[in-house]
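Presented as structure tokens, the chain that follows is alone, the form predicted alone.
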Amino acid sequence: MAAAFSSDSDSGRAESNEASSKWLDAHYDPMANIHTFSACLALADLHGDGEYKLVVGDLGPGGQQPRLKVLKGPAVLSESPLPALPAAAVTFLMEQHEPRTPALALASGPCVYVYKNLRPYFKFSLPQLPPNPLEQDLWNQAKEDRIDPLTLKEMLEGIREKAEVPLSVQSLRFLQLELSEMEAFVNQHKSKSIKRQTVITTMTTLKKNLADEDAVSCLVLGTESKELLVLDPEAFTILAKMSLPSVPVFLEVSGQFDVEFRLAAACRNGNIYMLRRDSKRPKYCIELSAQPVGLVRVHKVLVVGSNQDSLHGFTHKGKRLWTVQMPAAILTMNLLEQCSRGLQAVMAGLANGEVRIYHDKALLNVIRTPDAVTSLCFGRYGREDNTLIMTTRGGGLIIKILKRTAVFAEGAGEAGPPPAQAVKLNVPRKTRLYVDQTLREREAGTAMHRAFQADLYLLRLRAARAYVQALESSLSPVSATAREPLKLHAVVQGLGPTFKLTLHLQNTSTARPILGLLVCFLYNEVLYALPQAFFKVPLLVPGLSYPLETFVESLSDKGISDIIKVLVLREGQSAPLLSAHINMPMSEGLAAA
């Protein structure tokens, strides 16, 4: 009875978790034997029948041969062997002709294998690199039997340690052999020419001239020789070549090749380089404190995962926007794009068996899996628009479908933007006046801009003239000359008819005292009377403020006030060093009388 109750409670808890989850468990096969990374997963309608398939570049662990697998639903539709380990798999449209079925491009070793309708269509090989001239000379000597295998090995080891150009595959294989096998290897390969071939490390697609979803796309390749190549989608010729300081491992592109595009390349030296259409070399560089393990572009933000268990958000110019610490190491990353709701987020598969979904630094959802996830892919699969496909470290396959009623609440997890940012403003309705003004601005925009610029230039001219006039007539309370650096301000005290006027004069120089100054008052003698309108100033020591006091008597009984001008002069000069205008208050005593 108790066992039955426990079983019922466990099943009820599982049903409640299923009901509260945003995902439907469509399929889980722990023995699917799929070992791959996120770059080797792609979803596409390969036959043009509306049924989207999953393309997998399987690494073939345990000595097995790498294979290209195509899955329809949970079953494997086709399998074909690959000559080398896959580096990336993408789908793209090559041409505008009907039927518009996408082609599949798989990067493996130095080649890109292009398939149409799951049949081999074209093979593009990277151009060969020039060999090391010293290495070429050594093999020419071995061909003429002028050098023995042991000396050849010593010379090749010296070149490998010092030369900037790496050795060819033939020389590297020779250096790995035992002494007894060297002579046979030299006899077998000495007549062959040395070839130095690079390999593809990463691949993505770039729209050629339109931003539409079904537009023709170019292939962008990153190579081991620190280069980026852009291929023409029809002729598969190299349209552009760009150099990088290090080997690229992750690529993110935006824009169109014929118009303008931006390309971000995360490299093995721990830096992310930004390139644009006309740049042969990087324009900006983002220096990371750790090695990147993933790169995803969300709108205009580059989200980078590092091996320090953290996510970072950067602008395209390298400014860090935010950082989020993860509870475990990041194994893989990819983009989640829900087109129906206009949502773009980052998925991060962690070593603790979690898949975390972030929008900026806000945690939207956490998916827990039976094993650590090594690859992620989100998109249309079969006839479901929002399908999440995951492969695990043990070779398992997990397929989940996002519920149609699921809504990701921003900020539900960790702290993000304040909730007030999401509150919609009560924008008033557009009035007739607003519409008329909008039409007027649209029709006469150029003339309005010119009138605004003319007024702005006139304002700047008047401000400059007033400033020059103030400097020439010393109307400023701060001296403009470097020989007499002075500062003056005045304080008026009292209710009237007698006021106390205190002038605070300060020498602002650092070490030089000032002597021989005079203070003069200019005022309306009908309204005011001063006991002394002209007096000498004592020696001004640097840094001290000297209060100079005098009394002002108001003579008018009509409650009239005026301005008293204070001038600071140098003996023997008619132009004042500085001046101040004092707005005298009304005399309260005379007004009351």
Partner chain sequence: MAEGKVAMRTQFPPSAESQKPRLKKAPEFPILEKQNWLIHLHYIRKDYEACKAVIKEQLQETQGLCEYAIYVQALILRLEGNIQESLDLFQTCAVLSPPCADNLKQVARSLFLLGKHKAATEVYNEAAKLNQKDWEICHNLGVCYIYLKQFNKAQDQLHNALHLNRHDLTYIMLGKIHLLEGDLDKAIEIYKKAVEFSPENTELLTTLGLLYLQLGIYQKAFEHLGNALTYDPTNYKAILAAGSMMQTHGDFDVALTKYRVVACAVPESPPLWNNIGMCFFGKKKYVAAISCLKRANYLAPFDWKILYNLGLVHLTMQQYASAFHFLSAAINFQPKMGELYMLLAVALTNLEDTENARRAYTEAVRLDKCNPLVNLNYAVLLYNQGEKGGARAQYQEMEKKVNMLKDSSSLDFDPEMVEVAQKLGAALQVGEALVWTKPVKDPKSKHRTTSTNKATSFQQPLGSNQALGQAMSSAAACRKPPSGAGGTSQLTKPPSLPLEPEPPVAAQPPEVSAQTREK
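Note that the coordinates shown come from a computational prediction; the quantities given were computed from them, not determined experimentally. Residue numbers count along the first chain shown, from 1. The term rigid core refers to the maximal set of C-alpha atoms that superpose within 1.5 Å between the two forms.
Quick note: we don't show the form predicted together with the partner chain, though the next part is all about it.
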property	result
Contact assignment for the partner chain in the predicted complex, among 146, 432, 450, 465, heavy atom within 4.5 Å	450
Of 495, 76, 329, 406, the one that lies within 4.5 Å of the partner chain in the predicted complex (heavy atoms)	329
Heavy atom of residue 130 within 4.5 Å of the partner chain in the predicted complex	no
4.5 angstroms heavy atom contact with the partner chain in the predicted complex for residue 361	yes
Interface membership of residue 52, the partner chain in the predicted complex, 4.5 Å heavy atom rule	no
Non-hydrogen atom contact residue 224 with the partner chain in the predicted complex at 4.5 angstroms	yes
Stretch in contact in the predicted complex with the partner chain, which is absent here, among 296-304, 89-97, 398-406, 439-447 (heavy atoms within 4.5 Å)	439-447
Sequence-ordered list of residues in 233-249 near the partner chain in the predicted complex, where near means a heavy atom within 4.5 Å	249
Yes/no, residue 435 Cα shift of 2 Å or more between the shown form and the other one with rigid core fixed	yes
After fitting the core, residue 139 CA displacement of 2 Å or more between the shown form and the other one	yes
Post core alignment: residue 337 C-alpha displaced by 2 Å or more between the shown form and the other one	no
